[in-house]
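Okay, so here's just one chain, in structure tokens, the form predicted on its own.
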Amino acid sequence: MGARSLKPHYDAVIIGCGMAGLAAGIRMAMYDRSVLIVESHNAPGGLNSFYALEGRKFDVGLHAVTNYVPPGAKGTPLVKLLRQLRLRREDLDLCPQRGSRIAFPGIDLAFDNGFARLGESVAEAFPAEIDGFRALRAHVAAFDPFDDTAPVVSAREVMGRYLRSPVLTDMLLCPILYYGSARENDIDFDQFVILWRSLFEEGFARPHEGVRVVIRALLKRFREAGGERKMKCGVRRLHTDGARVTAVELEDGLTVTADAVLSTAGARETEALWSATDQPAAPEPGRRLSFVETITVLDAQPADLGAEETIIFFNDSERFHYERPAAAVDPRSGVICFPNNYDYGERRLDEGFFRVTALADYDRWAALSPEAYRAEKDAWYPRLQESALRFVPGLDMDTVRAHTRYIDMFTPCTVKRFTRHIEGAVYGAPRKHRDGTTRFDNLFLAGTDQGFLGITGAMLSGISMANRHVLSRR
């Protein structure tokens, strides 16, 4: 869209063209609202985008689309999302996982799509805990995580009412924290419930071509509904009168007005856009968390090299530490993903992929000179791979090296550069704004800092906030 083709006024301006922003835009445009999405980056998708290097396309954040259910399921988040956006299942090309694992010293818990396999693994590894585990599951099933009037409660505190084993508690938390927690060593129980259901009760899937399939489907639907986008141009300032956002000033100097502004940039990131007379409050407590990820392209399918699982959540210590590390990277725990190991039917990926994610410290990476930054990546790349491969019995470092075609690695600085999230925080600030409201009557939050999690959760956040704060008002 050319700069001069913008309208002077919109029913809604959305900050950020990620999953939440696109879903909110589609939902509002479907009901004849004039909608403009503005995005500072040149590609849509936000935290779940993709990039190209030497002819290859790499997903940024997608290990899995969570909340997968097979055709015919009813009342689940995926089904609700498809209905609310009027998408077909085939538009997303979701292919289910083949099986995943939580790996701690001497103990493994296997799980797949649906709950039975995880329950069996817990019964085998922790027979004395199975009654408490089943009681915890019943409590999760009965809990309403979308009641934003309920008090915020620690997940560890609730789990402690049912489980006596700290190891089992850590093992269940490991994938949940890695896939959505902005808090060190814990997560709010409402978010725990959302992630428990999306990971353990439902499960993982992936489009054969990766996240760009989801992005293409959302962009097509947004265009069909009449929505407008302005890329490579973020918001410079939100002008306010103390009660409302009165104008949205863009980085190219243009200014538009809107009845409602929906920001998916994050709470603190949005506050930084307020006028000078409306300074944000004191910083929220809690350190922000970010990650590094190594991506290795192989000349063989991982299963042919001995790695048959889809995702492995690993931890090598007596206790699981999910916290900002003292070093640039914490290799003690992380997430291994083999994107080839989804059930694509007769299709398969042309090359093999081996991805490892671990916690990282933004400050240490940000303080490095360009030369030191490259050297640090070169040093941490093999260390993180070697740490992860201890938990892949069929694969070793020599085999990986022998079959490596290409490598890449991103850091918290990469996340900051492409998302503008403070300190490269993947999951935003520790405190969530569950109702999406701000101090301004017509400014609302969706996505990361509203509190719905994962790709499906981000889209549902956008839909929910659009329904609640925009569509219901007219």
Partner chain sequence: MTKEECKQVVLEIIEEIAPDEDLEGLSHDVRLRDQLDLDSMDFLDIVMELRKKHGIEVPEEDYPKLASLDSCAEYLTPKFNAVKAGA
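Please read these numbers as outputs of a predicted model, since none were measured by experiment. Residue numbers count along the first chain shown, from 1.
Not pictured, yet referred to below: the form predicted in complex with its partner chain.
The chain is drawn here without its partner chain; in the predicted bound form, the stretch among 70-78, 352-360, 336-344, 313-321 whose residues come within 4.5 Å of it by any heavy atom is 70-78. Heavy atoms of Tyr31 reach within 4.5 Å of its partner chain in the predicted bound form, making it an interface residue. The closest heavy atom approach of Gln84 to its partner chain in the predicted bound form falls within 4.5 Å. At least one heavy atom of Leu471 is located within 4.5 Å of its partner chain in the predicted bound form. Among residues of the shown chain, Cys17 is not one whose heavy atoms approach its partner chain to within 4.5 Å in the predicted bound form. Proximity to its partner chain in the predicted bound form, defined as a heavy atom within 4.5 Å, singles out one entry of His421, Lys432, Arg27, His63, which is Arg27.
Contact annotation for 204-225: no residue has a non-hydrogen atom within 4.5 angstroms of its partner chain in the predicted bound form.
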